[in-house]
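Form predicted on its own, single chain, as C-alpha cells, below.
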Amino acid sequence: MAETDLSDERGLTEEQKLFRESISDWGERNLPLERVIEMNREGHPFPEDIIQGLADLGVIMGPVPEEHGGMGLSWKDQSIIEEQIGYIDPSIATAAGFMAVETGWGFTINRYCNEEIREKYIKPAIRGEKFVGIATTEPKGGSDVAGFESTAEKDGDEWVLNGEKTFISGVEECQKIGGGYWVNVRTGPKIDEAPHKNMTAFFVPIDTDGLEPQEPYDDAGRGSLSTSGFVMNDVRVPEKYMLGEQGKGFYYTMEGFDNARIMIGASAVGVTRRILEEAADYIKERETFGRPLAKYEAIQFPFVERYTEMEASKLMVRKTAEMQDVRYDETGWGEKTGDPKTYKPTEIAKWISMIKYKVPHLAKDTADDAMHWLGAAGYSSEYVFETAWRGVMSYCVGAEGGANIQKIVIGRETLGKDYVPYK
C-alpha cells in the first residue's frame, strides 16, 4: 500500500470502519499490487482464493437479507466496502468487477427468484461457490436494453429461448464453478411505440442444454476477469425460473443496473484514491532541477483538482446509496430517523447515472494524469497507473451502460421527457 494516506473515516460508523479495516488487512495479505498487475498480464486465470476470501469476509451480495444467506447490509455499507475493494484492486477486475456484478445483479435476482434458484445458486454464490451475473447486451445493441432480439416461446411448463448475448462478464469463471445469468428475452411481439413491453427476465443456468458459451474476448484491460458471450439454441428453461412477472423484465432490469452502477461508482472512487496515493508517493520523492515534482504547479494543481473531484464523487456515491436504502426500506427508514422520505425510481436513476457517467471517467482521467506526472515511469506496467487506466476504461465505454446513455437519463430527468433524443 502507498505511504500517502488520503482516506477519511469521519462520518463512518464503527461497524463500517471495521469492515474497511478487515478488507484492507485481507487485501495486503492476499491481493498486493504486484499480484493485481501479474494477474492482469496473464490473461484471466481464475483466482479462486480471492473469490473465496471475499466470500469469507461476507461482502459478496452483502445487502441480501440474512434469511437468504446475506448479511443484510445497507447499500451505504456495501458502497464503503466496494470503495475499499476498488482501492485494493485498481484493475477493477477480479475483486471490484466480480463484486459489482455479483452484488448488484445477485441481489436483484434474489428479489425476484423462487426458492429453488435461491438455494441452488444465490446462497452458493454468496459463499463463493458459484457465479451469478447479467447477460443483456446483444450483437446489435447494448445500452438500448429494449432493442434486443432474443425471444422465448412457451411450450408446456417450459420456455424455449433463442438468441445471442455478448460482452458478458465472468462466463469462463461461471463455466468452471457453476452458476447462471439474468437473461432478457421477448415473450411477445415487439411494439414499436413501446419496445420495452413484452420483455421478460429468466435465470438461465450456464450448463443448460443448448447454451453455447463463446471463447473469451481479448479485452484491453480487466485481464483477470473473463469477458465472453453465449448463443442460445432452443434453450429450455422451466417457467418457475422466470424472474418476477412476465412482461415486466425491463423494469426489473433497470433496477439491477441501478444496483450495479452504485457498486461501480464506489469501486471507481477507490481506484482514484489508490492512483492519487501512489502518484503522491512518487512526485514527493522524485526530483527534477533540484526540486520535488510535487512543487511544480503543473503537477500539484491537477493533483489537487483530481483529489477534490474524488471527494465530491465519494459524497455523491454515498448519498445515492442512502437513497437506495430508502427505496428498499422506506418504512424502516422513517421509523429509524423520524423523517420518512420517498424517492421515485427515476429520481434515483438520475443520481445513479451521474455516478456512472462521472466516477469511472474520473478514475480514468486521474490515471492518465498520473502517467504524465511520472513521465516514462508512468508508462511502465510495474506501476499501477496503466493497469488502472485500462481496467476502468471498460466502465467508461460501456460496461453496465455507456456514458452517453447516462447523459440521456440525466437530461431526461432535468430538462424533461419532451427533450429526450429517442422520441
Partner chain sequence: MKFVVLVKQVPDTNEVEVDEETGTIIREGVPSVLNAFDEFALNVAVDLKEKIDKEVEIIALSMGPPQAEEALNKCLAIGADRAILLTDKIFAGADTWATAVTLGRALKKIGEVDLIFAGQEASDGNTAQVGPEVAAHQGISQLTYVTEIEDFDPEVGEIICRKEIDEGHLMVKGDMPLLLACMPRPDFEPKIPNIREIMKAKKKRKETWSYEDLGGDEEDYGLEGSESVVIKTYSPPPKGEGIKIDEEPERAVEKLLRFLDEEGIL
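Here the structure is a predicted model, which is why all the values come from computation and not from measurement. Numbering follows the first chain given and starts at 1.
Omitted here: the form predicted together with the partner chain. The next part is about that form.
- With respect to the partner chain in the predicted bound form, the three residues F19, S22 and E66 uniformly fall within 4.5 angstroms at the level of their nearest heavy atom.
- In the predicted bound form, no heavy atom of A135 sits within 4.5 Å of the partner chain.
- In the predicted bound form, the partner chain sits within 4.5 Å of a heavy atom of I81.
- The closest non-hydrogen atom of D49 lies beyond 4.5 Å of the partner chain in the predicted bound form.
- Contact check for M71: a non-hydrogen atom falls within 4.5 Å of the partner chain in the predicted bound form.
- Screening I126, V185, A321, L211 for any heavy atom within 4.5 Å of the partner chain in the predicted bound form leaves a single hit, I126.
- This chain is displayed alone, yet in the predicted bound form one of C396, I37, L57, L374 has a heavy atom within 4.5 Å of the partner chain; that residue is L57.
- The candidate stretches are 356-364, 388-396, 57-65, 375-383, and the one lying within 4.5 Å of the partner chain in the predicted bound form by heavy atoms is 57-65.
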